[in-house]
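Take a look at this single chain, the form predicted on its own, given in structure tokens.
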């Protein structure tokens, strides 16, 4: 059996190598698929922080994914139409700068995650799942009625946004930007897992009473993890909207939340690169089986059922020979 550390390195190397090979062989669609997988993996890594470490089964992370997407869409829309976002009391204009858009997406997602987390963490178990789902559905229906930005038709952006010194219109360049961000977030996740905060969060997930006895508040720990998780997922949403040059209410839908969770379950909950493997598997199934049948989700459901029943450690646990992660 391969060691998990070696598997993580192999996954990242392959994920980087395939688009580079596609670039030299003039296959831009393969690069786009890889970029899509990287962005989905980024969103799943974000959710895995609160799910894998904090034990928070959030079924509303599409909220942050959608907020990030609309942050990109609104700012870019005002930039391309040369209309200010706000005139009074302060003039706020749109922008095509990716770093600025990412910052806005992350800050907005952080405030949303703080608000939602403070309310949701008053509950636990199935009630926590349902209240996070409720927030997602509220924003979904709000975005449908938000006619200023397309309503249910969504909002199109004509040209991909800009990154200093890089031509983002070249697919491989945009892929590299997304891949570097993913690697940084994976490194952050690894640091959090081994940090005192990560260890305390893991303890709060398993035995909250012991955490209380040492003077720490389990709810506060989980709230911080939830906010960090929301920020990362919001960044993924901004990148996803930039990839498609389109944002729509479906980014807020419960199906999106479910897909992000499926990535984690497929790859392995609490596994460092489990969300990446799960996202890549999902995109491959969508591409290859989607060309065979419109009902390819049936095969995805079968695979998910097999994983849950016979490989609770996900594909990572199956490959490495280790079941549920003990990290």
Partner chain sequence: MPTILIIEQILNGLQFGIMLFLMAAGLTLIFGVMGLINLAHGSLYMIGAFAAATVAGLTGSFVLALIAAMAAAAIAGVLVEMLVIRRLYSTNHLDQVLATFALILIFSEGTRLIFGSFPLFLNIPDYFSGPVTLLGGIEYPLYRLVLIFVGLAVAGALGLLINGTRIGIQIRAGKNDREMIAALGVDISKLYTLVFALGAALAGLSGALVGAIQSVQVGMGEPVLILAFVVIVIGGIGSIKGALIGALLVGLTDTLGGVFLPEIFKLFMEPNAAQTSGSALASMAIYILMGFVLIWRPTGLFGTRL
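Since we're looking at a predicted model, the values are computed, not measured. Positions refer to the first chain, counted from 1.
The next section is about a form of this same protein that is not shown, the form predicted in complex with its partner chain.
Student: Only one of 50, 269, 67, 280 comes within 4.5 Å of its partner chain in the predicted complex by heavy atoms, so just point that one out.
Tutor: Of the listed residues, the single hit is 269.
Student: Would you kindly say which of 219, 123, 97, 80 lies with a heavy atom within 4.5 Å of its partner chain in the predicted complex?
Tutor: Residue within 4.5 Å of the partner: 123.
Student: Hey, with its partner chain in the predicted complex, do 130, 305 and 309 all fall inside the 4.5 Å heavy atom range?
Tutor: Every residue of the candidate spot has a heavy atom within 4.5 Å of its partner chain in the predicted complex.
Student: Applying a 4.5 Å heavy atom distance criterion, does residue 258 contact its partner chain in the predicted complex?
Tutor: Heavy-atom contact with its partner chain at 4.5 Å: present for residue 258.
Student: Is residue 297 a contact residue for its partner chain in the predicted complex, using a 4.5 Å heavy atom cut-off?
Tutor: Contact check for residue 297: yes, within 4.5 Å of its partner chain in the predicted complex.
Student: Does any part of residue 137 reach within 4.5 Å of its partner chain in the predicted complex? Heavy atoms only, please.
Tutor: Yes, residue 137 lies within 4.5 Å of its partner chain in the predicted complex.
Student: At 4.5 Å between heavy atoms, is residue 254 in contact with its partner chain in the predicted complex?
Tutor: Residue 254: yes, in contact with its partner chain in the predicted complex.
Student: Counting only heavy atoms and a 4.5 Å cutoff, which of 210-218, 141-149, 166-174, 229-237 contacts its partner chain in the predicted complex?
Tutor: Comparing against its partner chain in the predicted complex, the contact stretch is 141-149.
Student: For the stretch 161-189, return the residues whose heavy atoms include at least one within 4.5 Å of its partner chain in the predicted complex, in the order they occur.
Tutor: Residues within 4.5 Å: none.
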